[in-house]
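A single chain comes next, written as structure tokens; it is the form predicted alone.
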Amino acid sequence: MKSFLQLWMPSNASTHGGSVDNLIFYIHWLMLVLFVGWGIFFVYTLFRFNRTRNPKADYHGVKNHYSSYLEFAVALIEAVLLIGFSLPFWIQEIAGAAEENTDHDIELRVIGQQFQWNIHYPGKDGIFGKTSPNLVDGTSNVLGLDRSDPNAKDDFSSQGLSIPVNKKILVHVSSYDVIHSFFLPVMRVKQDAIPGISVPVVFTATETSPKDPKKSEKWEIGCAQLCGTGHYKMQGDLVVLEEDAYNTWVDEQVKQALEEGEAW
């Protein structure tokens, strides 16, 4: 069944994606069992308690406790899924990302804005420059960068997400305006972007993205939360590169940011 489900899902290109897929697999098994079980029970009641076989109403009802046992079994299975799978995964992948000394290779900021994703790269120095909401300009300075800060000189933004393969990525997800949901299907990442709150997310890509999207699956950033009339167009490209290609791309972006900084 797991293989069947994966036929309908995006490819998995992250280290933690297998855990997510396993959880989805177990939940669907539970849903299938409940669907078949309650379906059989419904058909049984139609025949067992029809008017022909029961011309007189029984006001006492069922006296056994089989239904209570069944409800307890379902609750137990749900507890196992929650405590045995969901919580350990959340503690390892989500709660662990909130620790101050989280071990990571690349740190980025993702800011949702109607209707685009703004990715803040700290440049070659790896230090984010100061930002201010008062400096936010929807076209020339979407990050609200304070270019007078030395650490902001080489910072740059992108509406697509480019990352290196086999590197642990720490992303701080937030929003300028309304609630969005940062969604990377192939990375099995989905996190609400909430105004005024920065939520850390950690993931590691295990393979590079297709070089020719026309011939294979295109990797995308999506918004999984209805955020307004332009929600449908709030998407961007997810590009996973080899480390050398990523470093070259960063060098080009930093060079352009420095040139634009001199113009200001």
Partner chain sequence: MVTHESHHDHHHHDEGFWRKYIFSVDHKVIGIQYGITSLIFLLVGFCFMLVMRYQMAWPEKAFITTDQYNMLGAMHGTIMVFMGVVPLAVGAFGNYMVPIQIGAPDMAFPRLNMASYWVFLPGCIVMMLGFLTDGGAAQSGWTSYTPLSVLAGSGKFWDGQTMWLLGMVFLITSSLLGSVNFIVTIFQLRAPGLTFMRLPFFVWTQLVTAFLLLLAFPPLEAAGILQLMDRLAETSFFMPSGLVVSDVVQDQFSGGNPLLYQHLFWFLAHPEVYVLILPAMGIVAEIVTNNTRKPLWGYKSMVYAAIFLGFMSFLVWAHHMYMTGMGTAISAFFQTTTMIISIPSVVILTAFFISLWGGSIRYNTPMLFALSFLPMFGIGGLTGLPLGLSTSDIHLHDTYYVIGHFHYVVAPGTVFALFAGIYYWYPKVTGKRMNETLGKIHFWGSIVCMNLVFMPMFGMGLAGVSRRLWDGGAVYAHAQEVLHLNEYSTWGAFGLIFFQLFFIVNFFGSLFSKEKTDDNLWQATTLEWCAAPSPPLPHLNFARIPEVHRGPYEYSVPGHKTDFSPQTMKETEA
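Not measured: the values here are computed from a predicted model. Residue numbers count along the first chain shown, from 1. Basically, rigid core = biggest C-alpha set you can superpose within 1.5 Å across the two forms.
Unshown form predicted in complex with the partner chain; subsequent notes refer to it.
Engineer: Going by heavy atom distances of 4.5 angstroms or less, which of Gln159, Asn166, Ser86, Asn151 would be at the interface with the partner chain in the predicted bound form?
Structural biologist: Flagged contact: Ser86.
Engineer: So which of Val20, Ala13, Val250, Leu241 gets a non-hydrogen atom within 4.5 Å of the partner chain in the predicted bound form?
Structural biologist: Here the answer is residue option Val20.
Engineer: Heavy atoms within 4.5 Å of the partner chain in the predicted bound form: which stretch among 103-111, 73-81, 151-159, 121-129?
Structural biologist: Among the candidates, contact is made by 73-81.
Engineer: Is Asp192 close enough to touch the partner chain in the predicted bound form, meaning at least one heavy atom pair within 4.5 Å?
Structural biologist: So Asp192 counts as contacting the partner chain.
Engineer: Within a 4.5 Å heavy atom cut-off, is Asp177 in contact with the partner chain in the predicted bound form?
Structural biologist: Taking the distances in the predicted bound form, the answer for Asp177 is yes, it comes within 4.5 Å of the partner chain.
Engineer: Is Met234 one of the residues lying within 4.5 Å of the partner chain in the predicted bound form, judged by heavy atom distances?
Structural biologist: It does: once the partner chain is placed as it appears in the predicted bound form, Met234 has a heavy atom within 4.5 Å of it.
Engineer: Can Ile24 be called a contact residue for the partner chain in the predicted bound form at 4.5 Å between heavy atoms?
Structural biologist: Residue-level check for Ile24: yes, a contact with the partner chain.
Engineer: Let me know which residues along 146-166 have a heavy atom within 4.5 Å of the partner chain in the predicted bound form, or say none if there are none.
Structural biologist: Heavy-atom contacts to the partner chain in the predicted bound form: nothing from 146-166.
Engineer: For a quick test of reading the superposition: does Asp192 move by 2 Å or more at the CA between this form and the one not shown, rigid core aligned?
Structural biologist: No.
Engineer: Examine Gly39 after superposing the rigid core and state whether its CA is displaced by 2 Å or more between this form and the one not shown.
Structural biologist: Yes, Gly39 moves 2 Å or more.
Engineer: Is the shift of Gly84 between this form and the one not shown large enough to count as movement, that is, does its C-alpha move by 2 Å or more after the core is superposed?
Structural biologist: Moves: yes, 2 Å or greater.
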